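The chain below stands alone and is given as structure tokens, in the form predicted alone.
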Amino acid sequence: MKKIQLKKGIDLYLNKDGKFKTYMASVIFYRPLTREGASYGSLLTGMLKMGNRLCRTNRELNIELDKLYGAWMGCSSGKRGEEQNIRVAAETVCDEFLPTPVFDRTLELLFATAFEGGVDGKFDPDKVNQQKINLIDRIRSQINDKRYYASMRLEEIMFQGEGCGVNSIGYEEDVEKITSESLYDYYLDVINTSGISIIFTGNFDETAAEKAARRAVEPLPEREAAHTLAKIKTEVDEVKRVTDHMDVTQGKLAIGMRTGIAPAADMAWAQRVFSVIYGGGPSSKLFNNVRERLSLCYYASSWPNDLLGVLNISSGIEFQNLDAAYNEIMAQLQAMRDGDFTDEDIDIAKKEICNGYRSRLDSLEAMEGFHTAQILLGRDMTVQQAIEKIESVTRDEIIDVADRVKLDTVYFLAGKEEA
């Protein structure tokens, strides 16, 4: 991937791959994640397609996109560890496969949406109010997915007071306070102070892409910008145990453990292999023992968050099986520490991870996501190099990861009658 600094704090990344007939272009604003910023960022992404310098309404924008052979455009706000990412992206067909070129116009619409949102220097109050209603509905609906809700509560408890513990969608009480004026002020701060990554992926003309990006950022000021990485904690002072009660028929057990492994460390690759063997799928120890052999749960899985140096475990259980399921989950962790897994387990885990990496080569969005992670970590690694890292992981390294795992937080969502 080629990197070009357009201005201080504004970088262009070109990842050309001629096997595609399409390309994706994204503008990503990155800044430290705060509670207030989460609500503003989510609401902002709902407004950016409501009008800009070129298209005064969402309808006008969609008509323009349809003229470009059905070009797609989307806006989103999310988090990567301690960092907030606000993304505006467009995807369409490469000019060489079309009777009429659309590259320049597609990018004009993309950059107008990202950098020149709003109409006549403001956001329409009625549209902002409608987007607030939509966002509050999204926030409220999170509780409907109890598995997701339990994982969200685990993060909230485990990372209390840290950016990574913030709900990236936002908070109802914070959204209600936002006005069209304060949202537009936030938007101006985003485009004038955030770090900016402009990423092209797929089949495109690199010279034309650079020219368009330079033209788009020419009015923007330089800025001091650095990616925000979470502080990796290696010690746990006290295990946090929290139980919530709700009208549910199935308990949700969420466990957070710290590995203390930094995302750029070589051990991060072993951490991924460890997690797949421990709880990453139907061949894992959690699935085969907690679910299949002992029938203590409906599901049990684990996955690492490399950016935070943690391992998350999720399980759906009958209320009365809480202690037995928890004890068996911990027993299987001890089995990993004891090296109680086979070479075949290692091979299956490596193949699963490597196949996941290879599948990214078939999706523009997945490729962009992979490279965005590399940008955050300050490295330029290819998918093939990542595969080679996974394939080089040894048994001793996997056991070393298991030895580093420390219990941090246990969250249980129980029924009302269990109170």
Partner chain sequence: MKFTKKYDSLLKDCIYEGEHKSGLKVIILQKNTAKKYATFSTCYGSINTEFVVPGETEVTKVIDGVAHFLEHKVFEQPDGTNAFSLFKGADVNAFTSFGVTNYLFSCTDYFYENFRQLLSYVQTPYFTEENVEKEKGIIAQEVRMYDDDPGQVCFYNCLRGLYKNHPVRTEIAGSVEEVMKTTPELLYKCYNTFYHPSNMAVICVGDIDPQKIGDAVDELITKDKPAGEIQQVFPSEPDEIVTPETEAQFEIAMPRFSLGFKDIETGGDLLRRDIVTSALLKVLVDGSSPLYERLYDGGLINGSFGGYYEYEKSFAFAEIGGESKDPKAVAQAVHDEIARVKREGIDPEAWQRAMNVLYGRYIRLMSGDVEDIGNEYMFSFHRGVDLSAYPDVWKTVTVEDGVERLNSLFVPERSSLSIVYPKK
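Please read these numbers as outputs of a predicted model, since none were measured by experiment. Positions refer to the first chain, counted from 1.
What comes next is about the form predicted together with its partner chain, which is not displayed.
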In contact with its partner chain in the predicted complex (heavy atoms, 4.5 Å), from 183 to 191, 95 to 103, 219 to 227, 334 to 342, is stretch 95 to 103
T34, E116 and G165 all contacting its partner chain in the predicted complex, non-hydrogen atom within 4.5 Å: no
Counting any non-hydrogen atom inside 4.5 Å, which residue from V27, M367, M50, I390 sits next to its partner chain in the predicted complex? M50
In this chain shown alone, the residue from S141, T179, N327, T243 with a heavy atom within 4.5 Å of its partner chain in the predicted complex is S141
Touches its partner chain in the predicted complex: Y148 (any heavy atom, 4.5 Å): no
Determine whether any heavy atom of Y299 comes within 4.5 Å of a heavy atom of its partner chain in the predicted complex, and answer yes or no. yes
In the predicted complex, K252 touching its partner chain (heavy atom, 4.5 Å): yes
Just to confirm, R291 within 4.5 Å of its partner chain in the predicted complex by heavy atoms? yes
Of 192 to 224, which residues get within 4.5 Å of its partner chain in the predicted complex if you count heavy atoms? none
